[in-house]
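Take a look at this single chain, the form predicted on its own, given in structure tokens.
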Amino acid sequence: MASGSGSLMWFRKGLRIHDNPALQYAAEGTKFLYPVFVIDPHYMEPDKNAFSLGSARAGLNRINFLLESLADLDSSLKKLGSRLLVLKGEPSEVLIRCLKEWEVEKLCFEYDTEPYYQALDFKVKNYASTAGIEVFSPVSHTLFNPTDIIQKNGGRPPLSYQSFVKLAGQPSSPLSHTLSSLPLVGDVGSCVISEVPTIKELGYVDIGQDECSPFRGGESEALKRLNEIKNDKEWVATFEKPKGNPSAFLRPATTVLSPYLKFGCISCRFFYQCLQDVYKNVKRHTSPPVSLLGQLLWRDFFYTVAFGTPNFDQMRGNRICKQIPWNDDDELLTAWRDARTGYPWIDAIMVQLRKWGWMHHLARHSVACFLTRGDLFVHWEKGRDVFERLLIDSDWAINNGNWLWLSCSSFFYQYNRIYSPISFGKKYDPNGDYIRHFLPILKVVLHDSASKECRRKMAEAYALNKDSNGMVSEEDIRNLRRKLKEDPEQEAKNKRIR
């Protein structure tokens, strides 16, 4: 039996010491503090059947980024007189076992809107409630509480950025205090505790330096990067999305804070405050939606819509998603995924994605448009799955939101506006430096009427959605797909890519 009552701090995201209200509350008025991270087999165990190195859910780059973030968190905890307790197993089962064995009086963890974590939290909260354990689960992964925004909007999430910003107003939650020390870790009893594992200890083989992400995980790296950004006041003041060069790879034309925000190595609230401090000290600056501050609001917008929309991550049963008869063609998907489309700009981006686990937002727009409504007419869910696996910053709400947007399935409906896989790349990479770096062997480019055909198909699909008032049946989709497949030009294009 444990040596006394205490608090359990359950880390999932929020892998930081600064501005961590759950950690601050867990540390207050307690004799012992148990900082816990659970290695979830669902997320971490090697899967030999996956198309790239990694688990069933995540590529090796993101798993490695997470391990680096955990090692950094453990180092920070040790400086405060504590340490990270790493356990393995199904998280809710592991947590309940720990709560029983350690006589925990207080359970703290950052609130998470993802369906997977919502289901886990439901189980753990249920046990805690029956056992008389206090649960504190504050919202600190986003600037605003999505539930509050949805309530203000009459029970439904706002579906435009402008309406979201109007409802949200200014963030009002104060930042948490900086912790100077933490309570000791109590007796862990019979629970099997380990250090943060290495990639090899998880069962993976090391990958070569040229095959892995140049971005190192952890709060220390995140704060260093943020410090460099805020010291460049002119760059912060003039940042304007969607401008920026997607072919800049030696020094990316954006913050590259997205993976740190995804894992909570950096507090979005602290980032917001730093931006406001910069804006106060410059004569003029860009404004939302295109400014850096605007990008943080976009993040919250997608979190809110995702949280308030059932089946947000799929086409069927998703009330905000257009029903479109996408191609069910795994050969085209694989050619795109494996950088074999024959378009150097598209293929180079897909190589960067696989090697680095990251690419500029305009590069993401290019390849997502190409796969869906631009050229191949492949289902956005299939592209989403590839991004979800390979991106180090893969974020459930934002990834699905962007794929809905870029496929013109929701949010954005001007399907005639297509990123050319040739001219768009030439605009930003006129000398081919980016392409040669990621794609040393150039391929033959075949440019034909694919985008014209995609526009025709989108027009037919939009007409169907309009005629049926959004109540499109599976049979309607099948019939339209059959009708569209009769087109010979697209079939010829598909055969060439294969």
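Because the structure is predicted, anything quoted here is derived from the model rather than measured. Position 1 is the first residue in the sequence shown; the rest follow in order.
One more form of this protein, predicted in complex with a small molecule, exists but is not displayed; see below.
S.K.: Using a 4.5 Å heavy atom cut-off, which stretch among 399 to 407, 196 to 204, 90 to 98, 338 to 346 contacts the small molecule in the predicted bound form?
M.R.: One stretch meets the cut-off, namely 399 to 407.
S.K.: R364 versus the small molecule, in the predicted bound form: is there a non-hydrogen atom within 4.5 Å?
M.R.: Yes.
S.K.: Applying a 4.5 Å heavy atom distance criterion, does S394 contact the small molecule in the predicted bound form?
M.R.: Residue-level check for S394: yes, a contact with the small molecule.
S.K.: Even though the small molecule is not shown here, does K233 get within 4.5 Å of it in the predicted bound form, heavy atoms only?
M.R.: Residue-level check for K233: no, no contact with the small molecule.
S.K.: Whether L296 contacts the small molecule in the predicted bound form should be assessed with a 4.5 Å heavy atom distance threshold; does it?
M.R.: So L296 counts as contacting the small molecule.
S.K.: Here the chain is shown alone; which of F387, F144, F164, F411 has a heavy atom within 4.5 Å of the small molecule in the predicted bound form?
M.R.: Comparing distances to the small molecule in the predicted bound form, the residue within 4.5 Å is F387.
S.K.: By the heavy atom within 4.5 Å rule, which residue out of K426, R216, K241, R156 makes contact with the small molecule in the predicted bound form?
M.R.: Contact with the small molecule in the predicted bound form is made by K241 alone.
S.K.: Would you say all of Y415, C454 and N479 touch the small molecule in the predicted bound form, counting a heavy atom within 4.5 Å as a touch?
M.R.: Answer is no for this spot.
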